[in-house]
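Consider the single chain below, provided in structure tokens and representing the form predicted alone.
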Amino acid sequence: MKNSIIRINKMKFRYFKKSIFEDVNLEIMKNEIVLLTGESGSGKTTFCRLISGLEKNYSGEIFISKKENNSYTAKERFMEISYLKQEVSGNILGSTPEEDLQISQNRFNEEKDTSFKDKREDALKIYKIESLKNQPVWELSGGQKKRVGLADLYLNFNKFWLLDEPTAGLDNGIINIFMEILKQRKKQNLGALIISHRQEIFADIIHRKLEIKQNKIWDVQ
């Protein structure tokens, strides 16, 4: 379909000899905010890794926009999707928050954007980490690292977001800020796929809910 960001046909995936997904068929639109649920170990994080290209040994088809996932270059996929991993350190490439945001903005950008510095400063302020921008990453708490990851997402506002436990390790004040940003995105028809154990906080913002069950992905009524 013309406005789909993710389209999956008869996808199968095994981890060693264990079947994780069997004949999955699914379509997610670019403007949809979707909650993905399932029991622990059902494959929620694995699904994000498949979409993000970190897992490649599947059979069937996974299309991102109009192109099969395994044929994407890292640059092409990055221009479509931004992935917030559950493991907070996996989201940070720089040695400080400021350096990390610089890397995030300069990745694959062939032309210099004079507004980059202003965007970085806005992201730091929104998530209340401007005072930590030159702090070594290894000195930050888990919650502070998560906020750096969310600031990276903010710089990639117009992409489709994959969010694996985005509110874990955050206090209620930061969660409220994040939820307001999601609401802004919804108004602008920008989508996301969200994994969260705190399903209730997303109930009013999602378009639909999916569940991983018996190695397939089902729409929840």
Partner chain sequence: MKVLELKHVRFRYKNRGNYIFKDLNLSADSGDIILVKGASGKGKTSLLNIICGIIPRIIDGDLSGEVLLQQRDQSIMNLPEISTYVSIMMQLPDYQLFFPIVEEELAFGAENMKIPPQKIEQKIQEILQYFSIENLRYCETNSLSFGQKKMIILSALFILSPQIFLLDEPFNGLQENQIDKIISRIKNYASEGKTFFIVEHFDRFCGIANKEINLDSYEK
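Residue numbers count along the first chain shown, from 1. Keep in mind that this is a model prediction, so the values were computed, not measured.
Only in words, not in the display: the form predicted in complex with the partner chain, which the text now covers.
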Exercise. Would 135, 197 and 200 all count as contacting the partner chain in the model of the complex, using a 4.5 Å heavy atom cut-off?
Worked result: yes
For this session: Give a yes/no on whether residue 96 approaches the partner chain to within 4.5 Å in the model of the complex, heavy atoms considered.
Result: no
Exercise. Do residue 118 and the partner chain come within 4.5 Å of each other in the model of the complex, heavy atoms counted?
Worked result: no
Exercise. Taking 4.5 angstroms as the cut-off for heavy atoms, does residue 144 touch the partner chain in the model of the complex?
Worked result: yes
Exercise. Heavy atom to heavy atom, is residue 152 within 4.5 Å of the partner chain in the model of the complex?
Worked result: no
Seminar exercise, completed: Assert contact residue (the partner chain, in the model of the complex, non-hydrogen atom within 4.5 Å, options 170, 26, 162, 36) equals 170
Seminar exercise, completed: TL;DR on 152-160, 66-74, 37-45, 183-191: the one with heavy atoms within 4.5 Å of the partner chain in the model of the complex is 37-45
